[in-house]
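Starting off, we have a lone chain in the form predicted alone, written out as structure tokens.
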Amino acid sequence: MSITTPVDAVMEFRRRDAGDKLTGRTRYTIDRGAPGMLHAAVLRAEVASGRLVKLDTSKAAALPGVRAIATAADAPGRVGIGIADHALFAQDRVRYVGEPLAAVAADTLEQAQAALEAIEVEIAPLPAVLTMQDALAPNAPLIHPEWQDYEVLLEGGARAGNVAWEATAVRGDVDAAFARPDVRIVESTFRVGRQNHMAFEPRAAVARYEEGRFHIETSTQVPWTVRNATAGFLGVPASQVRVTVPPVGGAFGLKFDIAIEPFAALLAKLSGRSVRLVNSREEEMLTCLFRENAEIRIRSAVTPEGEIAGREAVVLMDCGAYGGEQIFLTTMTAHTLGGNYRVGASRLVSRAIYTNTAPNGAFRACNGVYNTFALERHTDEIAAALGMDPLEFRRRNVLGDGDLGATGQKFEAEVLRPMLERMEALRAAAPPRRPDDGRLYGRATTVGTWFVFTGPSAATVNMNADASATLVTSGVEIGSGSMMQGLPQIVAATLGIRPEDVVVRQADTDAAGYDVGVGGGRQTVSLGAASLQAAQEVRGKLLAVAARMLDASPGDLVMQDGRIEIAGPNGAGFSIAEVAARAQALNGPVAGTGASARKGVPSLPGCAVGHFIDALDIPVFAVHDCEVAVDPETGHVEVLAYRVVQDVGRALNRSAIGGQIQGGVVQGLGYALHEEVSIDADGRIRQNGFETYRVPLASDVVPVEVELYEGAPSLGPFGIKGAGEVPILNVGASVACAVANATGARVQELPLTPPRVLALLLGRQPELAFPHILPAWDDNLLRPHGAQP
């Protein structure tokens, strides 16, 4: 039987939804509405910490137009990652400004908002813990005094007090490495703030309660998480919740968790009507699941020749009032801060810390972005301490074939080193221009390690009698290109039809099998593997029928360009439509199913404790190069040129990947230079909209020179890797290293706003000090690595 080759799936297929999106015809969740639909609003806490003394909804319930009010009594469950610590409404205790207290559905949004005003609330203030330093102080107030009573969903992580989760990775004898007489110890500290996703479409949901079940339309990346978490909050079987997902107007990780869907669902059941709930921009800012703020201390023992004999690090991640995604992300420190380089022995601890602030969450490349910033700045400080060129230091030490990662994973093939060589060729081809204009010029090349978040996915391909195919998955169209380009290309190449003839259904948990969700660069990889398997089953069925029609063996047939023919010049054959129609008449509708799951690359025994994954199924690497000019009078940083060499495995659609890289770099420039979130003394996020939160504008965009590196090993279908997640990974690191190179200053913090850069230039930026990170690594642990709870 003829087979599909990877080359068949490689094409420059354009998005079919581009016209609709450009002309405003695409209907997102926020655009959904229907006659008789109710409008919902959520009452949120105005204090960061307090005891809920009174919540009286009786006056609000009596107001005109009010149809339903929900409170904590209506949603008894708790959900979470690793531990179930998060209730839908504040129950007896408020833990952050913006925490939901009640939700109202009314005939109009104005009536719902008026009802919120009529709800009588009394909260007795409690001491608030707004920083990780305060949270880790001796005798700090506990944000979750009942933390020991929470259900543990994954065993292994250490927890106590305000430490929501602690994960460790230890490989080799680090003490011996640091005690070697030939090493020099280099220590660095770093701090980063929060970053807002600023998706144009805010979080929105429309819910109905019909036939004894909930139906939620929502703007989410994770339909199955919404299904299961809504059921968990409301205390009903997950089978009673159906989730469908229209096109999503921006996400970047913001929608990789449950959000407002359970409120809408609950109100729909209580009112018996459809309910629409949309966050205002201010609510989006106030309750954004930000990329978390973090504090990092890292130390390395290096020889004069540049060998990294040992390394240790402590990473503190602010998870806000509830654990959420940060508990999972404690795992990723081992593979990002512990990535990139060959290290003799290492020990890393990553701690998710509760504070009385809005919960944080997932964001494109998550904590990899700031861990890469810390690691690459630390690497430059090592090179400076040794008097070695930083590029030469990287060339000597980047991970290669057979090298071990932080959890003992053995990496395959030389990837980073040839990528560095590609970047050096790009650099050589475009020498920097440095006019004598009084500005300070700098340049840096950095490396980064990320991964494809594999996991369960399912797909069904239905072959229609007109030779079109319908692909049914739980994938979500979020603009990345997977649903509009990658998946149709894979199915079309397998079935010998045009990608235009592959229809990809919107996610519907009643129609498609379980899927982890869209994020972590997994959609084209995991859903692609399932789709390929499903399409291959259909292909086999069609070839079998065609073989009977042609009195030939299936192995003698080719399937391409809309036809199935006997191989060879002028071979007899039929159109695929004719074969599909015959197959349907003979055996019924033609369909195939596929599934994929995480392979589960193991770590060395005992290396990883409290981790959600032991090692990386599909590592992804990136090399970035950045040139900057710094104005010494204002501290303004201008990015002059930016180059990316990205590991893609195999590029199915080079234009689509190029778009992801351009967008990811620009988003990273915002993180590196502009985007700053601050929290006032009362625990409230100060930035409440586009007016106060500085995202990159058109004038900030620089054209990115892109080179795709193909051929690195990958478990993905046709050898592909996810391409949308990783482009942001190195940007903060590259800009920071370039600014340090330009100014000679020690860059320890992002974003590099003009005031911060000016303070560096004037010597007014104090060295970072973290008294809450103890000098001895072991003293930072709740329990010794590997010890039983």
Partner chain sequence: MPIDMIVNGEAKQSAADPMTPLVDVLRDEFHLTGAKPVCREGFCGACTVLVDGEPRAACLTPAGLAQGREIGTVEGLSAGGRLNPVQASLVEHDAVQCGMCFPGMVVTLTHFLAQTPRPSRDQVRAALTGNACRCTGYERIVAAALDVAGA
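Residue numbers count along the first chain shown, from 1. Only a predicted model underlies this, so the values are computations on that prediction, with no experimental measurement involved.
One more form of this protein should be noted, the form predicted together with its partner chain, which is absent from this view; the next part is about it.
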Within 4.5 Å of its partner chain in the predicted bound form, counting heavy atoms only, one of 578-586, 332-340, 406-414, 246-254 shows up; tell me which. 246-254
Using a 4.5 Å cut on heavy atoms, which of 99, 675, 647, 217 is close to its partner chain in the predicted bound form? 675
Among the candidates 655, 240, 634, 91, the residue which, in the predicted bound form, approaches its partner chain to within 4.5 Å (heavy atoms): 655
Verify the flagged residues 195, 485 and 659 against its partner chain in the predicted bound form: is each one within 4.5 Å by a non-hydrogen atom? yes
Taking the shortest heavy atom distance, is residue 565 within 4.5 Å of its partner chain in the predicted bound form? no
Taking 4.5 angstroms as the cut-off for heavy atoms, does residue 172 touch its partner chain in the predicted bound form? no
Please run the contact check for residue 18 against its partner chain in the predicted bound form: heavy atoms, 4.5 angstroms, yes or no? yes
Check whether residue 690 has any heavy atom within 4.5 Å of a heavy atom of its partner chain in the predicted bound form, and answer yes or no. yes
Going through 681-699, which residues have a heavy atom within 4.5 Å of its partner chain in the predicted bound form? Please give them in sequence order. 689, 690, 691, 693, 695, 696, 697, 698, 699
